[in-house]
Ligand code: HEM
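Just the one chain here, the form predicted alone, laid out as structure tokens.
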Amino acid sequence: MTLTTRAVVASGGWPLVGHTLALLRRPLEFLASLPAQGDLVEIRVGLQRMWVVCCPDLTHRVLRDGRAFDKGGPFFDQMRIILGHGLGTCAHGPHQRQRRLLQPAFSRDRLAVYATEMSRQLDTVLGTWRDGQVIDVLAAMDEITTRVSARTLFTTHLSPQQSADLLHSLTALLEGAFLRMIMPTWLARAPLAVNRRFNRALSTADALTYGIINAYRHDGVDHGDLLSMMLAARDEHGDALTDTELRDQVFTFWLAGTETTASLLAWSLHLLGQHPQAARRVQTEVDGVLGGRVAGHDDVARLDYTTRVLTETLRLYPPGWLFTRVNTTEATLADRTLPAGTVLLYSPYLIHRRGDLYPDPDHFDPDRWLPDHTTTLPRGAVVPFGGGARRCIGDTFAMLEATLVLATITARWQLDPLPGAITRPRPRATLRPRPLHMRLRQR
């Protein structure tokens, strides 16, 4: 695809509120409609102007140059209230130091250790399932990913109740973050119910996290988990992470390891329930590879179709569906010169639903990810984990966990949709499904 030069103002704006109502009422449909209008489309949220990047070339440029297009704008303003200045939300300046300190935690050897814990926790949860039981799929995936995150982040210092409290707090924070992103600044400070819930959840999560960090410092023991590695990490000057930096990293990895991975798994099981032929192909593959046992690290390389199912799910329902950036210097995108401080918005959901990139884009087709089918995709067309130097450090961890979970569930269980049941996306700070209930059938 060649770079085009159409920069336009989106249609349908209202005086004073701009496109706020469209973003509140039908954000996914609104964003998906913008590429037909231009490659760089101006929208207004209240009185604030933003430019939506609608084509892969411009998306790649914004993601590639993290210095010129830094993390900022309404999305990251809200996420920094939750996640602080951790690896996923910090500005360009401190990112390299943080990445260097944390990268060893995601080495191949460490991932193999995490996979063992993933398999152990997965086996425990699936042991509680019963034939004929109706489960809330999202809640079940939250339970699995929460247990995995708890055991890889803090091996010994998180009780089941604390784990649940932290998950519920982060869920409430993400619910409020999207609404506060669209609210006028003064309204986000008003004593509204959504703001009170947000502040209570932040206080609960902070208290839990700082308590765990203090306990680890007091023990002085290497537990072989992520927090122990972060406590031991030193930069080139011999400096360690402060308690605030540790808190921010813990929040970041907890969110990435629970909320987003659980959403990916829930959507995958929903799609397989809607597409029996694809489900049978996954069953055939996992039966040949696993023979009914729990999947392990060495199995992933042979689970080709299962991996394609997850990749196609990320295309259709990327958990991170909307982000903002701010250009730090004057820049020209498409035919428009943008002064420093301009807010840009990019959306993996928007890019992944372009019909010129993905034929029949709303159709679930894992085989579109066969190697010979992806060679024509331009840079910037596949961005579920971002790109450039700021690509998610935990992308391999997330895909490893999701592959082990989906393969093991499919080897043991068939999840059937309930008659007449319909689920729809719930776009907030992450893209979660609305209530999703399915019936377990033991294989």
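Heads up: residue numbers just count along the shown sequence, starting at 1. Since we're looking at a predicted model, the values are computed, not measured.
One more form of this protein, predicted together with protoporphyrin IX containing FE, exists but is not displayed; see below.
Taken together, the three residues L87, L153 and R391 all come within 4.5 Å of protoporphyrin IX containing FE in the model of the complex, as judged by their closest heavy atom. The partner is not drawn, yet in the model of the complex one stretch among 314-322, 208-216, 275-283, 186-194 has residues with heavy atoms inside 4.5 Å of protoporphyrin IX containing FE: 314-322.
For the options S169, S268, Q78, T261, the residue carrying a heavy atom within 4.5 angstroms of protoporphyrin IX containing FE in the model of the complex is T261. Residue A256 is the only one of A256, L173, I351, M141 with a heavy atom lying within 4.5 Å of protoporphyrin IX containing FE in the model of the complex.
Residue contact check for G386: one or more of its heavy atoms lie within 4.5 Å of protoporphyrin IX containing FE in the model of the complex. Taking the partner from elsewhere, R97 is found to have every heavy atom lying beyond 4.5 Å of protoporphyrin IX containing FE in the model of the complex.
At the 4.5 Å threshold, heavy atoms of F397 reach protoporphyrin IX containing FE in the model of the complex. Contact between F198 and protoporphyrin IX containing FE in the model of the complex is not found at the 4.5 Å heavy atom cutoff. Residues from 101-117 that approach protoporphyrin IX containing FE in the model of the complex with a non-hydrogen atom within 4.5 Å are limited to F106.
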